[in-house]
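The data below hold one chain only, encoded as structure tokens and taken in the form predicted alone.
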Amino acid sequence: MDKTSAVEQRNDERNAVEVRALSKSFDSQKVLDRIDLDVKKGETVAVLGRSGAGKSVLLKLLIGLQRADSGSIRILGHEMTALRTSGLNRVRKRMGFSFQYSALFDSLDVERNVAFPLDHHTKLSTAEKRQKVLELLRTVGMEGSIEKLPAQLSGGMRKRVGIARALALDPEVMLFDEPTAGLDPITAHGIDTLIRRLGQERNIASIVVTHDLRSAGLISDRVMLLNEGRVSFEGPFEELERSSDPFVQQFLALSS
């Protein structure tokens, strides 16, 4: 049986996410090479990098969808690499995952999509679940679309519904995979503002994988830039812009 020690409880109070020397390879390709990362509650870290730099793999390792080759992942004081399925599931209930393409159920309306985690992981009554769903949809500005199907929503609206669903169990850690991908600048700005507000108001530790430099600058307390599996830069976005590192300069020039 998985147990939480006093040390884990103390770590829970300090950092919501602690990653140490995290490595992952696929066959002979090393995707992540001894990555370190800390994220406090209420803090948002944007993860940048070229395609194939390991950004999405990092998210999958954090939530336990893939196993690391080596290193440590502590989420809310729990060593994820040591947990069995039951232990992973307990920690996952305290995490939210916003998928790149929203991953809504096409046959369910907005209400049932957002209620899905509540149906499977709570004992709330029907009336309590509906009230919770309405509150979540108001939080993301989608309360007027409760009866619509995903096919009736724009890309930005689907993203908002996906975020509402990810918030259903009141997570302490949120993982966002390309939350503004494919959106026009105005809609993307709205999603960015929402992510920033949620982190601050709900004291959520957020990790946001993005290719969008403007988004990273708006939402993040810190950014981490990956290059060939290693961290090329970590710090405030303003320092990234001032960096003299050749890769950082090249990345900024080609991404702007």
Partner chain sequence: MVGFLRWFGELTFFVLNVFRATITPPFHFGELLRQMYEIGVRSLPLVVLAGAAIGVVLSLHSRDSLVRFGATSLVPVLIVMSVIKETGPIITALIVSGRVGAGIGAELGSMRVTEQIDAIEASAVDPVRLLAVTRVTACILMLPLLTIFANFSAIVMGWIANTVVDYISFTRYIDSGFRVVNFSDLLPSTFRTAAFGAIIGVIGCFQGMRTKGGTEGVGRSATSSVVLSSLFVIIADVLLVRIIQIIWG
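In this text, the rigid core denotes the largest set of C-alpha atoms whose superposition between the two forms falls within 1.5 Å. Nothing here was measured: the structure is a model prediction, and the numbers come from that model. Positions refer to the first chain, counted from 1.
In what follows, reference is made to the form predicted together with the partner chain, a form of this protein that is not presented.
Problem set entry | Partner-facing stretch of 115-123, 129-137, 74-82, 181-189, counted where any non-hydrogen atom is within 4.5 angstroms of the partner chain in the predicted complex | Every other range fails; the passing one is 115-123.
For this session: Indicate whether the partner chain has at least one heavy atom within 4.5 Å of a heavy atom of residue 37 in the predicted complex.
Result: Answer no; every heavy atom of residue 37 is more than 4.5 Å from the partner chain in the predicted complex.
For this session: Answer with yes or no whether residue 104 is in contact with the partner chain in the predicted complex, where contact means some heavy atom within 4.5 Å.
Result: Heavy-atom contact with the partner chain at 4.5 Å: present for residue 104.
Exercise. With the cut-off set at 4.5 Å between non-hydrogen atoms, does residue 89 touch the partner chain in the predicted complex?
Worked result: Yes, residue 89 lies within 4.5 Å of the partner chain in the predicted complex.
Exercise. Even though the partner chain is not shown here, does residue 93 get within 4.5 Å of it in the predicted complex, heavy atoms only?
Worked result: Yes - in the predicted complex, heavy atoms of residue 93 and the partner chain come within 4.5 Å of each other.
For this session: Take the rigid core as the frame of reference and indicate whether the C-alpha of residue 108 shifts by 2 Å or more between the shown form and the other one.
Result: Comparing forms between the shown form and the other one, the residue 108 CA shifts at least 2 Å.
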